[in-house]
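Heads up, the chain below is alone and in the form predicted alone; it's given as structure tokens.
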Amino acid sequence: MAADDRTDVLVIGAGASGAAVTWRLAGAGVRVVCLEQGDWVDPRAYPHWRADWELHRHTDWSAEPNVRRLPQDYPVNDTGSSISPLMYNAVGGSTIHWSAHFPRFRPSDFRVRSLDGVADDWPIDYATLEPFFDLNDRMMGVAGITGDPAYPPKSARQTPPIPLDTLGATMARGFDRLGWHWWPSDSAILTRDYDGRRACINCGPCDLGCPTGAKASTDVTYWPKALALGARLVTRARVREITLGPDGLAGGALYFDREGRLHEQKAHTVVIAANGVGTPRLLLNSRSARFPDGLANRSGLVGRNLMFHPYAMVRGLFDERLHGLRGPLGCSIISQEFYETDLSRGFVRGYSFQVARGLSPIASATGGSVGDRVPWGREHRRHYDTRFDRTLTVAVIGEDLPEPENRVDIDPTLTDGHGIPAPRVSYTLSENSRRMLDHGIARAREALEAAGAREVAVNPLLRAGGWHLMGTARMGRDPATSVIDPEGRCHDVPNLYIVDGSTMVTCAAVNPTSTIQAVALYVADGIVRRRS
């Protein structure tokens, strides 16, 4: 395609949502080009193959771009945030790094204003998204079991659930003794061969990539199918701005290629899938006389209402070995006992418990997410032996309410390697969220002690926990109070769509990727329908 050729649809970002949209459009015969500022990652480059694999988690394979500092990354000024945003630029995006815990939002999560008088209702609901949840499950491949009373009936899972093993069974015993809800997690990790991909071999460190392809990163799920359907993917393409035509419509994008040369990709329609930090950064950098405050930002809401999901980590120490290194890192059990609002607890909305696997060898010594290091000296080995393979971590994931002061804007001085202004993140944990986490910590301690923990350690707020970037270009019917309409179109620029986590009106109390992808497929379906 020549540089001045206009494609039907330009997608910016090749992660969870961009891959899904590109596949759906290509399958409908739409000419689609995707620009991704990262590159393909060879599974042989994952740290699993190296003796020092754990050290890479804190350097070139950190989930924090400010730690990683690879050429395809951009810096983030997060000094004004109590949580650091985590993201990864590659074909597959942050699904390369994720642990593939794959719950859906619940029906109530789309009706927070109606139910509890806070935040806002979504302009779409669970029933609207249900066929897209099911489609996405088939594309990604989900291990799980149906029947969870916390949800409406789901379609059959593609493979059986990840086995609980000793660790999961131990925690389930604690929940059972308290009479609390729990269920084996839905996980986008195969326990049986499926769709040409191999089953999980239980090697463990899923956050460092999956060398077998059992984990559903979109470079092994959506992208091979999208490319086979004729989609075009351009890697190491860093987008500088969205262009705007004299008619007020998006005309495409200007981007730097891997050699630093500037190109223009023209398009009839533009879809942004650059995550909840990258999308507002791009819109705010796309200023013009028509949009002096940033593209599609007449509402002033681009970048505002940032939601992270605050995490507290509660770790129990047990006398017996739990075999916690066997199996996927972040997927075992979910409990939603305290999910819905009960004002007697002192806060609005609720949280989930996510039961993770045990600490790896080095993390056992450094304390992992809690950070309580094994002491040096004569007693070091004895202390280490009492900890290794005897820990169980319960993560408390709380529903963050949207607040305009929590935001992404443009840093006045910081830039990336191409001189493009970098994002600045401002985020303060609300009093509601603090009370919610405190309640969750106390209940997690109860559950761990009921399961037999002899000692409990706590991290009350995980700073390096900004995995979920949501809310900064929210969906709604009113152009004064939202950035995109219920079909994903920007109110101010009707041929410009947004499909990543920034669209989320509220963030629920579960990991958002399944819902992000369902929304992306729903938006893509609308694009196809309006073209016919």
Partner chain sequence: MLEARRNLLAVVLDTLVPASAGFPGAGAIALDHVLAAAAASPEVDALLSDGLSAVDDAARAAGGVGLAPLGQDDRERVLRRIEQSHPAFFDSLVRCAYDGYYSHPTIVARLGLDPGPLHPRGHRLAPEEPPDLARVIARGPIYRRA
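Residue numbers count along the first chain shown, from 1. Owing to the predicted nature of the structure, the values given are computational and were not obtained by experimental measurement.
Beyond the structure shown, there is the form predicted in complex with the partner chain, which is absent from this document and is the topic of what follows.
Asker: Is it the case in the model of the complex that 50, 164 and 180 each bring at least one heavy atom within 4.5 Å of the partner chain?
Answerer: Yes, the whole trio is in contact, each within 4.5 Å by some heavy atom.
Asker: Work out which of the listed stretches, 224-232, 430-438, 293-301, 331-339, brings a heavy atom within 4.5 angstroms of the partner chain in the model of the complex.
Answerer: This holds for exactly one stretch, 331-339.
Asker: Could you spot which one of 316, 402, 252, 184 gets a heavy atom to within 4.5 Å of the partner chain in the model of the complex?
Answerer: The residue from 316, 402, 252, 184 that makes the contact is 184.
Asker: Quick check on this chain: which one of 101, 349, 281, 309 has a heavy atom within 4.5 Å of the partner chain in the model of the complex?
Answerer: Contact residue from the list: 349.
Asker: Answer for residue 149 alone: is it within 4.5 Å of the partner chain in the model of the complex, judged on heavy atom distances?
Answerer: Heavy-atom contact with the partner chain at 4.5 Å: present for residue 149.
Asker: Is residue 116 close to the partner chain in the model of the complex, meaning a heavy atom pair under 4.5 Å apart or at it?
Answerer: Taking the distances in the model of the complex, the answer for residue 116 is yes, it comes within 4.5 Å of the partner chain.
Asker: Can you tell me if residue 453 lies within 4.5 angstroms of the partner chain in the model of the complex, counting non-hydrogen atoms only?
Answerer: Taking the distances in the model of the complex, the answer for residue 453 is no, it never comes within 4.5 Å of the partner chain.
Asker: Would residue 108 sit within 4.5 Å of the partner chain in the model of the complex, counting heavy atoms only?
Answerer: Taking the distances in the model of the complex, the answer for residue 108 is yes, it comes within 4.5 Å of the partner chain.
Asker: In sequence order, which positions of 378-401 have a non-hydrogen atom within 4.5 Å of the partner chain in the model of the complex?
Answerer: Counting only heavy atoms within 4.5 Å of the partner chain in the model of the complex, the contacting residues of 378-401 are 378, 380, 381, 384, 385, 388.
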